[in-house]
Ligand SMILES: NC(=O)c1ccc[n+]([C@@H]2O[C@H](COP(=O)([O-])OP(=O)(O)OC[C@H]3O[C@@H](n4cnc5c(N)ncnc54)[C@H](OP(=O)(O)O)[C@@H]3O)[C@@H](O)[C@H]2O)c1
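The chain below stands alone and is given in structure tokens; this is the form predicted alone.
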């Protein structure tokens, strides 16, 4: 009998999350999305489901249950929900803007991962959508860079604490998503390097979300040892 596989994805309404959901469904996974906006891809599919939850709200996340009424051989959590946060010099960023970015990008992923490890039975894997910005300071992106650096380190710590589970953060590269469109819409005053991102888009150099999705699913099913922090480009064929 084929293995029964379940994937839980946050940030599933567009971009990387939606592409991962589509690829997982194509490969026979049961896919559950978590977030504020339900994609028809999940709500209209026999192996799809969606739970409405504002991941930036502590009470909403605390009341979320990851227990399934079905039995699965493997369950994978993909912490993909995120925000670019305030794009401006760090001294201009407000408490509210910083707090929302850190909460959504980092704190919610940490709390959801802890809930996942304690509530879900069977074989488990956890993935975080990381970023090259975690290790590279980008002027105007103080909150985003800090939040992703925290995500990478949390994945490293979690992997040490749970050596029996595969736990990774992946760097997708510059992907053609709504976040990239948001970046290109910023001013040079707030983000001096915006011209580079516009050039990358106009030159057709952005990675497709579908490429990230197919590579990630390939890594999930690999038996080879994978670094805790890895770049999607290293496994794209």
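All figures in this text were calculated on a predicted structure; none of them were measured in a lab. Positions refer to the first chain, counted from 1.
Not pictured, yet referred to below: the form predicted together with the named molecule.
Engineer: Select from the listed residues 174, 47, 58, 184 the one whose heavy atoms reach within 4.5 Å of the named molecule in the predicted complex.
Structural biologist: Flagged contact: 174.
Engineer: Tell me, out of 193, 54, 190, 210, which residue has a non-hydrogen atom within 4.5 angstroms of the named molecule in the predicted complex.
Structural biologist: Contact residue from the list: 54.
Engineer: Is residue 203 one of the residues lying within 4.5 Å of the named molecule in the predicted complex, judged by heavy atom distances?
Structural biologist: Residue 203: no contact with the named molecule in the predicted complex.
Engineer: Is there a heavy atom of residue 144 no more than 4.5 Å from a heavy atom of the named molecule in the predicted complex?
Structural biologist: It does: once the named molecule is placed as it appears in the predicted complex, residue 144 has a heavy atom within 4.5 Å of it.
Engineer: Give a yes or no for residue 198: in the predicted complex, does one of its heavy atoms lie within 4.5 Å of a heavy atom belonging to the named molecule?
Structural biologist: Taking the distances in the predicted complex, the answer for residue 198 is no, it never comes within 4.5 Å of the named molecule.
Engineer: Can you work out whether residue 27 and the named molecule are in contact in the predicted complex, taking contact to mean some heavy atom pair no more than 4.5 Å apart?
Structural biologist: No, residue 27 is distant from the partner.
Engineer: Looking at 153 to 161, 68 to 76, 116 to 124, 81 to 89, which one sits within 4.5 Å of the named molecule in the predicted complex if you count heavy atoms only?
Structural biologist: Within 4.5 Å of the partner lies stretch 81 to 89.
Engineer: Along 126 to 163, which positions have a non-hydrogen atom within 4.5 Å of the named molecule in the predicted complex?
Structural biologist: Contacts from 126 to 163: 129, 130, 131, 144, 148.
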